[in-house]
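Shown below, as structure tokens, is a lone chain in the form predicted on its own; questions about how it binds or moves come after it.
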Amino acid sequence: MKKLSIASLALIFFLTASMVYAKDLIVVITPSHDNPFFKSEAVGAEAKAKELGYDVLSLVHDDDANKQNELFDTAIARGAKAIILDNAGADASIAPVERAKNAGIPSFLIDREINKNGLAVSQIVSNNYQGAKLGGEEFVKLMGEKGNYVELVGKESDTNAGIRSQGYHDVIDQYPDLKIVARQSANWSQTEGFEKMESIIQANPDIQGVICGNDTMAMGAMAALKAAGKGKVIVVGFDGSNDVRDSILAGDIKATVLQPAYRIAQMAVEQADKYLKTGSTGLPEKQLMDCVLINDRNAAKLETFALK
């Protein structure tokens, strides 16, 4: 029998060790981490996956469906065991999730749903309608049930934007003395929130309130209002970011609605782990997490999209 060289034996040992110690990969795909909400999702998912013994690849699609498609191809090529996804569009994300499923890779969605059931193993989202009704009720109270107001809406292609707006209006529209004078999309962006608010102020100088589909738009709106000498206008957001917490504590923005991004991302990883080990999460595909109103009474307890 031919003896193996020391180099050959070393190579065999290395390859064997790699096979034994290689960790399974979970790929986390979210919108840009420039938004603290999405960064919290990524950090939460990565921390839980590493705690459970997985390698993690964290990727960003920037709300670009084409880029998201490429990232799914990367996940498939890397042999991911599971994908945690905050998607780039309820319709545009159906095809890549289905492609991953056909490749044997289950997807676990967070924050945003897709418009088809049976493709993702889990779709874990905040109860946006319940949360928006909380925000709408607080807005009505802060406004004293009357006055002119503005609504800044999120990205039109995002299901959550429409659900939150509907929740707001199902409450606010019951009060005839609350009159909406402008409704514009600022695409979840602080910069666009500032710019849209600047234009709205010029056309509608007599406004008493602004209700926003997320916190980053609320921060932009508040900055524009203060720059125009209208810092007393009531502003309400949605998400529960640290930036808005600080603004509430400073007496500027009046309220927001907390959706527990960090915990939802961790739940998705926990369910992925259970599914990979047992073939089932033991839970329905669609799962709703209730939101919590944040105002000056509890804002000090808010930290990174969670209440202490």
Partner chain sequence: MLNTSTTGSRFIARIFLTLCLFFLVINACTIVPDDDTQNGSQGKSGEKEKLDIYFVSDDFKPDEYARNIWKSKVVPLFMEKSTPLEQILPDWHQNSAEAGRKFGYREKAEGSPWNFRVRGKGIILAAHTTSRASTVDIDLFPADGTPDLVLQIGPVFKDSAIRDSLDFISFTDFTNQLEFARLSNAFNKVVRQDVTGNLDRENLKGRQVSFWGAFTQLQDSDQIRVTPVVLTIE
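Numbering follows the first chain given and starts at 1. Owing to the predicted nature of the structure, the values given are computational and were not obtained by experimental measurement.
This next part talks about the form predicted in complex with its partner chain, which is not shown.
Checked against its partner chain in the model of the complex, the residues 191, 130, 204, 148 give one hit for a heavy atom within 4.5 Å, which is 130. Between the options 67, 33, 263, 50, the residue in contact with its partner chain in the model of the complex by a heavy atom within 4.5 angstroms is 263. Only one segment in the set 119-127, 100-108, 221-229, 70-78 has residues whose heavy atoms sit within 4.5 Å of its partner chain in the model of the complex; it is 119-127. The putative spot formed by 86, 216 and 242 is not touched by its partner chain in the model of the complex; no residue has a non-hydrogen atom within 4.5 angstroms of it.
When contacts are judged by a 4.5 Å heavy atom cut-off, residue 154 counts as touching its partner chain in the model of the complex.
Its partner chain in the model of the complex comes within 4.5 Å of no heavy atom belonging to residue 208. Shown alone here, residue 200 lies farther than 4.5 Å from its partner chain in the model of the complex, counting heavy atoms only. Residue 290 belongs to the set of residues with a heavy atom inside 4.5 Å of its partner chain in the model of the complex. Taking a 4.5 Å heavy atom cutoff to its partner chain in the model of the complex, the contacting residues in 77-107 are 90, 91.
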